[in-house]
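Here we start with a single chain on its own, the form predicted on its own, put down as structure tokens.
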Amino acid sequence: MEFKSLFSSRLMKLNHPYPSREKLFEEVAQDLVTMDYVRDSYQDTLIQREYSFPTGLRTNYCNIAIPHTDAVHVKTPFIYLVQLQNELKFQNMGNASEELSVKLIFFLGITEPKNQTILLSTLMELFQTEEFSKIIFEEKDTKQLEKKLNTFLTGGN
């Protein structure tokens, strides 16, 4: 799968305050609909999927969440990155009874279902490295962050 340019500075919010997970999902979905990345059905199916299949993930350096939905709701592939000002609660992907405090959210939009698993495992692998995690928390310029993350995602190419 070609991951080049899945990250875009247009789809990044750094140090952003959200009072709830619901408000976060609503605002991100509205942004994505407005920019024509997703269909109108995206928000409802994103929320439904999160309840059925939690996306919180404990990693070596921080807890993340990777909300996503079925490819039929996505028009253009993307990764929408939100770095939260305050943590929000997400259920653990591997144990839904465990709640994780999450500071980074990666909303995935994949148009080819077979690529979703590949992208998820790639991101999970990258998050086990200190360097990848540090870039996201230390870089304050979205254009620079876009460039660095796309470089990581493509293996330095």
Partner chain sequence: MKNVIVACGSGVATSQTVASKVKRILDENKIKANVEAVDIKSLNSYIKSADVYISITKGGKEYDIPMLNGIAFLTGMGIQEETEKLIQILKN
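Positions refer to the first chain, counted from 1. Here the structure is a predicted model, which is why all the values come from computation and not from measurement.
The next section is about a form of this same protein that is not shown, the form predicted together with the partner chain.
With the partner omitted here, the stretch from 56 to 64, 99 to 107, 40 to 48, 23 to 31 that lies within 4.5 Å of the partner chain by heavy atoms in the predicted bound form is 56 to 64. In the predicted bound form, the partner chain lies within 4.5 Å of some heavy atom of M124. In the predicted bound form, the partner chain stays beyond 4.5 Å of every heavy atom belonging to L88. Contacts of stretch 8 to 39 with the partner chain in the predicted bound form, defined by any heavy atom lying within 4.5 Å, are made by none of its residues.
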